[in-house]
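Shown next as structure tokens: one chain only, the form predicted alone.
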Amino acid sequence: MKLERFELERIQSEWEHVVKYNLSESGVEPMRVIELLGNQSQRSLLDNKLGYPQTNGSIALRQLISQQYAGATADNITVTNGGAEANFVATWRCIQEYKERNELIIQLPNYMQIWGIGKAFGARVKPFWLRNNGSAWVPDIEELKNSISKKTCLVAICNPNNPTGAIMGLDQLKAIAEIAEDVGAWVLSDEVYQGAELDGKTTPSMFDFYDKVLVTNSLSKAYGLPGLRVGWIASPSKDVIFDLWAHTDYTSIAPSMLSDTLAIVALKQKNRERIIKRTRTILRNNWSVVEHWLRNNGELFECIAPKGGAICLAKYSREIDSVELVYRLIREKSVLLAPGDHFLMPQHIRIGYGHNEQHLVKGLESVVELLIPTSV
């Protein structure tokens, strides 16, 4: 097993706490503990014993998570350390369980974790693309039909999508489910941005359309709680969830006790509604800033407006490699963006717009300051 370096995670880890303007972050402004707790007594949190929680997540937490999936119970959920562990163990299980099926198909552009894991485990990894039709990013369903086979163990999607902010609707999800079902493949649906929709309409879950689905999610993006490192996998198959719990015995073993406790607070109905409202308000306000900036710099950028998530993918007109551009922005302007090449999208940059508005404005101004002189 040989892992390729995860370039996006490496550049963010090295620079996000160094630069003045971090526009690479893909979530919203993180909540403070006091903001999360609201009127709830802090005493109950301070009284927690710092032992091990139940390793697949407490029953109370898994019950709250299960309420997001029709017909699910706590036994349809296993809790992980962030969405990253959820994606890792889900991909690992599928590749190892179905050794006669050595193909993995992943929707691109995408967060490249599953792409890298699949290759490391020896799978043949193939793309099916979201296509830019000029007004929307649309999944190429025909490409998926042509790529899938009886050797495909897994079709991986991200909805809402990272890095484009596109959202697939009911018809597209049903089509993907039917194509996977025709060959008996599993679907891994990364839904970490569900709840971060700009129009306020919750993205449908693949959980509702297919029995052989593994839905991954976390509190990191739509909830603004990345520091809790709480993620989960949901599936209609309780047996598969039980098996995935066994996989996490070999990775992180368990979430932290405080993370489990605070996740319960976050997912109680009134708090969850409050948090999602906060997220959508931040995104609507900040997208208007980015939209105005893009409009004023139309000679430099093309961008399809995102429908969900705290990110957008912009194509730029200058003849410069996206990684080189990002390193120049780091060195010359103390700004961090995500290079399009880290999503297999050259001549693009991913802009995170979920944080402080003034910070966002100044960071975007600095990007233009660097790019405009290249045309002189």
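Note that the structure is a prediction, hence the values are computed from the model and not measured. Heads up: residue numbers just count along the shown sequence, starting at 1.
Absent from the display: the form predicted together with a small molecule. The rest refers to it.
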Looking in the model of the complex, any heavy atom of P109 within 4.5 Å of the small molecule? no
Check whether Y223 has any heavy atom within 4.5 Å of a heavy atom of the small molecule in the model of the complex, and answer yes or no. no
Answer yes if any heavy atom of G82 is within 4.5 Å of a heavy atom of the small molecule in the model of the complex; otherwise answer no. yes
So, in the model of the complex, is K212 in contact with the small molecule at a 4.5 angstroms heavy atom limit? no
Kindly confirm or deny that Q68, E197 and T279 each have some heavy atom within 4.5 angstroms of the small molecule in the model of the complex. no
Within 4.5 Å of the small molecule in the model of the complex, heavy atom basis, the matching stretch of 143-151, 244-252, 186-194, 293-301 is 186-194
Work out which of N162, S259, N286, S235 lies within 4.5 Å of the small molecule in the model of the complex, going by heavy atoms. N162
Counting any non-hydrogen atom inside 4.5 Å, which residue from A263, C158, V155, A90 sits next to the small molecule in the model of the complex? C158
